[in-house]
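Let's start with one chain on its own, the form predicted on its own, as structure tokens.
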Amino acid sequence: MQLALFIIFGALAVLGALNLLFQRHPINSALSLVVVMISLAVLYWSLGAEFLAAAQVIVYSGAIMVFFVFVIMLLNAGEEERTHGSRAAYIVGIPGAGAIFSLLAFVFLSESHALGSSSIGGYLNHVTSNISEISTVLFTKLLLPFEVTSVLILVAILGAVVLARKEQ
């Protein structure tokens, strides 16, 4: 089952990345990046890194993508043309979303012992050690790159604001 999850969400991440590159509209590219981030979160979860998967969804798919969309809107990249959607998106997207939902529901229901319903103590100890290991590495060895990355994101947003400013 884990191999099937890896193949499906790995392929979904690659297809989302390719769609990100070939989209003509920046908002559609940002939405494709959300698909990639969610797929990576599922891959992290399947590897047993539950905290990293949750952080991937909250931080990258949530906060960083809000910044991306904000910057895209701030840049005012041009007038969007009104379309009625892609026919291929309806044909592939709706059954694909149903299949992914069904697969995840099957995995959650059939692997409930691995998710902590039968041995809560062992599961909580595993999660606690996972969180403590990540936080120890992040705030000791990787503190400088962590802070430099946040400053770079701030500088990139400020640069986009300066570039988008209209001359008077």
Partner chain sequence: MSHLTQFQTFLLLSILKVVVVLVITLTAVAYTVLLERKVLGRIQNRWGPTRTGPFGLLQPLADGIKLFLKEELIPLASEKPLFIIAPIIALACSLISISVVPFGQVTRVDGVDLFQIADLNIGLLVILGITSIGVYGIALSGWSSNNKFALLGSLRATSQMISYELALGLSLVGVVLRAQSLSLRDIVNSQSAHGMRSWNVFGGFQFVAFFIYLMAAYAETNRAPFDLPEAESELVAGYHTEYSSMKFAMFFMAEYANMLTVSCVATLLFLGGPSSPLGHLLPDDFGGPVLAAIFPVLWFVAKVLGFLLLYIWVRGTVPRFRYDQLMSFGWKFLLPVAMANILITSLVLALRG
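Definition used throughout: the rigid core is the maximal C-alpha set that superposes within 1.5 Å between two forms. Positions refer to the first chain, counted from 1. On a predicted model such as this, the values are computed, not experimentally measured, just so you know.
Note that the form predicted together with the partner chain isn't included here; everything after this is about it.
- Of the residues in 137-163, none comes within 4.5 Å of the partner chain in the predicted complex through any heavy atom.
- Leu18: CA moves less than 2 Å between the shown form and the other one after rigid-core fitting.
- A displacement of less than 2 angstroms separates the C-alpha positions of Asn28 between the shown form and the other one, with the rigid core held in common.
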